[in-house]
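Presented below, as structure tokens, is a lone chain in the form predicted on its own.
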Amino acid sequence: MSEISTLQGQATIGSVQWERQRAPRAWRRWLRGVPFHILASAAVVFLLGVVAVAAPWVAPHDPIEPNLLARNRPPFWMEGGSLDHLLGTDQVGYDLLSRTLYGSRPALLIGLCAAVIGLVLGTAAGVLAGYYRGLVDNAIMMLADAQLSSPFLVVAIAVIAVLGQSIVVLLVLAGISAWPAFARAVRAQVVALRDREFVVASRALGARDWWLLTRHLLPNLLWLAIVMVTIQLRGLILFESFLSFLGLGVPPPQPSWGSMIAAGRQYLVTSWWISVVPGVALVLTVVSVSLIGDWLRDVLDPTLRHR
């Protein structure tokens, strides 16, 4: 009996060790299945997130402290540049590296928060429209189509002119601009799910609407929410940057990539780095988020998964 117990113990230990060895292999196998450009995009987004959080500690200079003695300095690899200002300075002596690092904060913060606002509003509207149909569906979709067909940027400019320039106003406007896309996508998915067998069976057994919505419909919308947030994030980042480019976004002197690009457009011939440095950061962010969003759609969308 003691020998049998010993053998069983050794088998148990061996199985645990085998599981521990198999887990890293499965992880590496999953990573090998992810395209390289997606891994690179994820690394860029992760690095931007870390930089946005750690900007006060990694920025070499104060982003809102001008230095007229060091204005229009080129990046360190050009003649006249220095290691004290790695990416150069602008027309009033702001350090471009510091302002670019701080500029990632409003881009990501406003983009993510506005995406969450659009997700909540759009999901609620899409679920109601797709599940109840009829008058509710017509009213919600008419409102969404009206906003999509109207120049919302002009509306946003008018609202900012009335309410004033602030982060809160910009955040709310960005969130409102995103809800119609969420609502239309969610409605289409709910319409496809409301007549499925498991929903019809639950309804036949006497399940209430709130039970069907919370237990059957909303869990099946999780993949769509992840994909839509990622896809809409790129547009919301551009929305914030464009309003800041017009001088209606993040209030100065707080740095924003859009306002930094606008500040350097008059110096593109003599001091091109003033606009190019934040422009490169904006392009990298938008392209990385776009690639991740498209990949998540291909992976998570059940209609595309087996194609």
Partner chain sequence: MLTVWLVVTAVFVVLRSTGDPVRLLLPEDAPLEQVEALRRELGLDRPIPVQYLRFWSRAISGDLGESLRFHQPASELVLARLWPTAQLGLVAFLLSAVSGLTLGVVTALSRGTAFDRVIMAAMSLLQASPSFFIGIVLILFVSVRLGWLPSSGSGSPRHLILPAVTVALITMASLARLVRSALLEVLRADYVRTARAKGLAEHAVVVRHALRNASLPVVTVLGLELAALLTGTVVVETVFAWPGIGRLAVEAVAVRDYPVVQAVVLVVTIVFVVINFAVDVSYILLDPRVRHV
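Since we're looking at a predicted model, the values are computed, not measured. Residue numbers count along the first chain shown, from 1.
The same protein also has a form predicted in complex with the partner chain, omitted here; what follows describes it.
Subject >> Candidate site A188, V200 and L224: all three near the partner chain in the model of the complex by heavy atom within 4.5 Å >> reply: Looking in the model of the complex, the three residues A188, V200 and L224 all stay beyond 4.5 Å of the partner chain (heavy atoms).
Original post:
Is the gap between R73 and the partner chain in the model of the complex 4.5 Å or less for some heavy atom pair?
Top reply: No - in the model of the complex, heavy atoms of R73 and the partner chain never come within 4.5 Å of each other.
Subject >> Heavy atom of V269 within 4.5 Å of the partner chain in the model of the complex >> reply: Although the partner chain is absent here, V269 would touch it in the model of the complex, with heavy atoms inside 4.5 Å.
Original post:
Is there a non-hydrogen atom of L246 within 4.5 angstroms of a non-hydrogen atom of the partner chain in the model of the complex?
Top reply: Output for L246 is yes: heavy atoms within 4.5 Å of the partner chain.
**OP:** With heavy atoms only and a cut-off of 4.5 Å, decide whether A42 touches the partner chain in the model of the complex.
**Re:** Looking in the model of the complex, residue contacts with the partner chain do not include A42, since no heavy atom lies within 4.5 Å.
Original post:
Since exactly one of L143, V92, A124, V136 fits, which has a heavy atom within 4.5 Å of the partner chain in the model of the complex?
Top reply: Flagged contact: L143.
**OP:** State the residue from R105, R234, R194, H216 whose non-hydrogen atoms include one within 4.5 Å of the partner chain in the model of the complex.
**Re:** The option sitting close enough to the partner is R234.
Original post:
Exactly one stretch in 216-224, 144-152, 94-102, 115-123 has heavy atoms within 4.5 Å of the partner chain in the model of the complex; which is it?
Top reply: It is the stretch 144-152.
Original post:
What residues, if any, in 157-172 have a non-hydrogen atom within 4.5 angstroms of the partner chain in the model of the complex?
Top reply: Residues within 4.5 Å: I157, A158, V159, A161, V162, L163, G164.
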